[in-house]
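Given as structure tokens, the chain that follows is alone and in the form predicted alone.
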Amino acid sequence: MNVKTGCDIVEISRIEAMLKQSELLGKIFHPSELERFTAEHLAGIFAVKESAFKALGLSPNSWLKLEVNYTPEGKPKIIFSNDISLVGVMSWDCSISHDGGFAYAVVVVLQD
């Protein structure tokens, strides 16, 4: 069994600048992710996606193949499209944190 991890940190001001480019937002974020349209929220989602790419060895061009959603308790969760092979992946988890103008995320994958 293997444990794979990925982490990423994003400066929230970088996402604030991105908010002015609506065509770019649609290439990175699902419509459901854009429902809470704040730079802090989107920076966390961006960091989760980058972390998942690293943990699973995915191409960073897979933005829309991952969707970050939330449990009723507010915990983030990743939903993978059917285009992503999860063969051997037993489970995964993620966490997001914000502080000092940054969003940080970590993704842990348990792989057989």
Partner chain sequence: MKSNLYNFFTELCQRYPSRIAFIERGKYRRRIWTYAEVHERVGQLGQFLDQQGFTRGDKVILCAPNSVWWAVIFLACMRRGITLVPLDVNSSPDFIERIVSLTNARGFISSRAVPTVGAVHAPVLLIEDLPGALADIPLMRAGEDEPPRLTEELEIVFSSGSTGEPKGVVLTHENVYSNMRELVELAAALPRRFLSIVPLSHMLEQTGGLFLPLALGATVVYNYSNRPRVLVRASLEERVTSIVCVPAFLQLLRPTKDLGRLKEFYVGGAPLDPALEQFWLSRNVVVYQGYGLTEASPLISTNSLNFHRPQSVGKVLPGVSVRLAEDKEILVQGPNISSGYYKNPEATTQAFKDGWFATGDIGEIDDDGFLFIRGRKKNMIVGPSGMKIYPEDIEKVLLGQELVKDAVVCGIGDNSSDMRITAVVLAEQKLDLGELAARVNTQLASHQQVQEIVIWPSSDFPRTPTKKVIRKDVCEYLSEADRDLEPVNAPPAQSADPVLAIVAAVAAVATDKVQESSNLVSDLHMDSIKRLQLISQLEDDLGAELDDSQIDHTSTVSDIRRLVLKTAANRKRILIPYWQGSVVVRWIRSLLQILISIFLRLFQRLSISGEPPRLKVGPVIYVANHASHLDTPTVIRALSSSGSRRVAVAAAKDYFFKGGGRRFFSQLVFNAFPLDRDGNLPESLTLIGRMLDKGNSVLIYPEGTRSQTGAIKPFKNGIGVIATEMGVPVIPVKISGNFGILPKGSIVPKRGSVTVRFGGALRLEAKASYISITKALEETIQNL
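Positions refer to the first chain, counted from 1. Everything numeric in this text was worked out from a predicted model, so none of it was measured.
Beyond the structure shown, there is the form predicted in complex with its partner chain, which is absent from this document and is the topic of what follows.
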At 4.5 Å by heavy atoms, is each residue in E40, P76 and L110 next to its partner chain in the predicted bound form?
no
Though only this chain appears here, would F80 touch its partner chain in the predicted bound form if you measure heavy atom gaps against 4.5 Å?
yes
In the predicted bound form, is there a heavy atom of its partner chain that lies within 4.5 Å of any heavy atom of Y70, even though the partner is absent here?
no
Touches its partner chain in the predicted bound form: C94 (any heavy atom, 4.5 Å)
no
So in the predicted bound form, is its partner chain close enough to N61 to count as touching (4.5 Å, heavy atoms)?
yes
Do any residues of 5 to 21 have a non-hydrogen atom within 4.5 angstroms of its partner chain in the predicted bound form? If so, which ones, in sequence order?
V10, R14, I15, M18, L19, K20, Q21
